[in-house]
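Below you will find one chain, with nothing else, as structure tokens; this is the form predicted alone, and questions on how it binds or moves follow later.
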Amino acid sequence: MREQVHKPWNLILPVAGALSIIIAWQFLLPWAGVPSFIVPTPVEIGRIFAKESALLWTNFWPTVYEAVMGFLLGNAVAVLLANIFVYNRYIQAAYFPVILFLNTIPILALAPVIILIFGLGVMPKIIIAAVICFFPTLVNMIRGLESVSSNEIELFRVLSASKLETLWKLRLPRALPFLFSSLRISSATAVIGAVVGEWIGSDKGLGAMIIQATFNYQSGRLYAAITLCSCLAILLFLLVVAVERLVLRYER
């Protein structure tokens, strides 16, 4: 039997693991002779945060906006389309293979096309973030809506429930665990989509900052921007987890 981790350790162990990696990074890399212009230490990255905080936060907020809006747009469209597919098999048979084909196109190849169509403003970054969130949520939502048994569907028919009532009281509650599983993934991929969009065409945002720091050999600024991207993804993930607990507790 797998040993259970007690609740106090659920917080202590991740923090201890992260600290051990940071300490090893701080002392072992310089000891191994890795130059700071390639991999700066955590202390040097901290100095960049203190020295260039205004620049970092100025580029942080555009990425936050693009990632959050892309997250909401991509998942909302995925949930809506999943419901249409479940209730109309002909539409699903016609368009799901097309969506599957579009999903095989790498986002780095698709991003220039989106920017070419929508220009260099904020909208293409939001769309890129939405596209990268869309497919996992669509697939999981379809699975969740279809997870009800035929006996349960028949019971709702006997009780003269409408399709809307069946959706609201049976299919959606069953689909919630599937939906939140995909939302956890999307919380990180939305940040990736926003950063990729800024790589292709932008002069602000963490993605643009990463590209500029790379070409100018500013490793401290590069790692500081990457750290902010990671923190943003973690923050969105924790927000999704908090909402999931509230919603599932309400459902129960």
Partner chain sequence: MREDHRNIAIEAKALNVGYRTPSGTPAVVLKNFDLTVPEGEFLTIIGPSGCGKSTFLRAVADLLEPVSGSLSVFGGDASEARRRRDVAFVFQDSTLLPWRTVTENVSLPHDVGGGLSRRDDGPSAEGLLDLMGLKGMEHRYPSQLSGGQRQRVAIARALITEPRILLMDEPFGALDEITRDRLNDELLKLWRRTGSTILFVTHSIMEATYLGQRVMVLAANPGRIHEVHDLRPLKSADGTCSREDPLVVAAMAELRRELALC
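Keep in mind it's a predicted model, so treat the numbers as computed, not measured. Positions refer to the first chain, counted from 1.
Beyond the structure shown, there is the form predicted together with the partner chain, which is absent from this document and is the topic of what follows.
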For this session: Can you check 105-113, 120-128, 81-89, 162-170 and let me know which stretch has heavy atoms within 4.5 Å of the partner chain in the predicted complex?
Result: 162-170
For this session: Identify, from the list Leu72, Ile99, Ala94, Leu155, the residue with a heavy atom within 4.5 Å of the partner chain in the predicted complex.
Result: Leu155
Exercise. Would the partner chain be touched by all three of Asn151, Arg174 and Tyr250 in the predicted complex, meaning a heavy atom each within 4.5 Å?
Worked result: yes
